[in-house]
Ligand SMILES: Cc1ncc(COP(=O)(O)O)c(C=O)c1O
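Below, in structure tokens: the form predicted on its own, a single chain.
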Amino acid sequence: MSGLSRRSLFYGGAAIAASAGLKSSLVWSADAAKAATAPGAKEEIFLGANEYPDGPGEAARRAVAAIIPKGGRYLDSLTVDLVKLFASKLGVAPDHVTAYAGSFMPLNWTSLAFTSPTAGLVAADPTFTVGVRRAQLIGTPLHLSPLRSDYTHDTEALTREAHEKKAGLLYICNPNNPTGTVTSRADIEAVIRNKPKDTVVVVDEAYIDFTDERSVVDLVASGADVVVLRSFSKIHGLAGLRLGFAIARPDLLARLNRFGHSPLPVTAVTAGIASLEDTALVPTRKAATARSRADLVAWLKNKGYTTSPSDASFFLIDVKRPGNDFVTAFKSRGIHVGRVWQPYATAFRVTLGTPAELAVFKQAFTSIEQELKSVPVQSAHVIGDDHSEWGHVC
């Protein structure tokens, strides 16, 4: 029996068996929601970790409910099915794809596999810092290059640094975190074409599905020295379930997997399969995110605030005073926004939430704005070091 037909047969029987459990879980969720909004209960809003606010899609939720009775098994065959399905959608061979419990593990493994005390890491500043922090722990020389004035990666500077510093790894997050800004496919191709011979380029495409930019995953199939990372924590809404991928030549994946691997949670695997098969999910969520982003950016612009040019589900807001003033004030109101990065100490990152959450955000923003008018502006600073996002999976 083929993997896909086996999966279909399993889902058919398990979905029927689990229907009562799904119904009761939905009732429990409704009761929990009522309790959370009862008089005196404080409902917090989370706009700081780049999660998708609606969580898994409906198909993924049903798949998770259906698989729970089989949760006592490893079910590795389902992971094989997932990898084959994802590889077919990417246009690469299955042996060019490895699935992980989120993208945290492959981010760490790329730093361990391709850097050393004599083979440095080159990256933008600011960018997502999990791999950077791992490299620091093993004594890797770090070479961080400022973003361009338009918030894109300065790919010429990154390439030059890679040559001058004999880099083992050149990391590009595209769209970049925390700015949400896209660096063009042409610029990334130029990096891969002009890099030093022994440098591996890691392109982190955690947010690529929010954009119209073309992925570089096809360069993997052409044999390039590139590792592409994907995460289902974002547009697929599986942040808590944990599912991510590394896409690369088999010899590069082998270098990553020397550092370990483990069976994936069957809930994440089945949710991933269902999400991939739900062809309406990504375009629907991409469009909804674009509408929310445009609305909030326009609202902020009308109030005199600028934002980083973003194609993702988050962006930086320059509040023209220490960004931590706003972060702290939001937190006191039960609203958790992103932190502050150097060299943008007068800005903080916000993740797009549901329309209702963003309405609360706007009200709080206006209130904080008035509250801080009477507070003297101190020198902008960042709490913690430039890379304090040590292991957060956002």
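From 1 onward, residues are counted along the sequence shown. The shown structure was predicted, so the numbers you read here are calculated from the model rather than taken from an experiment.
Heads up, the form predicted together with the ligand isn't pictured, but that's what we're talking about next.
- Although the partner is absent here, residue 231 is a contact residue: one of its heavy atoms lies within 4.5 angstroms of the ligand in the model of the complex.
- Under a 4.5 angstroms non-hydrogen atom cutoff, the ligand in the model of the complex lacks residue 246 among its neighbouring residues.
- Residue contact check for residue 111: none of its heavy atoms lie within 4.5 Å of the ligand in the model of the complex.
- Residue contact with the ligand in the model of the complex: residue 151 places no heavy atom within 4.5 Å of it.
- Shown alone, this chain has one stretch from 272 to 280, 167 to 175, 187 to 195, 294 to 302 that lies within 4.5 Å of the ligand in the model of the complex by heavy atoms: 167 to 175.
- Of the candidates 102, 322, 237, 120, 102 is the one whose heavy atoms come within 4.5 Å of the ligand in the model of the complex; the others do not.
- This chain appears without its partner; in the model of the complex, the one residue of 285, 134, 96, 242 with a heavy atom within 4.5 Å of the ligand is 242.
- Although the ligand is not shown here, in the model of the complex the stretch 201 to 216 places heavy atoms of 204, 206, 207 within 4.5 Å of it, in sequence order.
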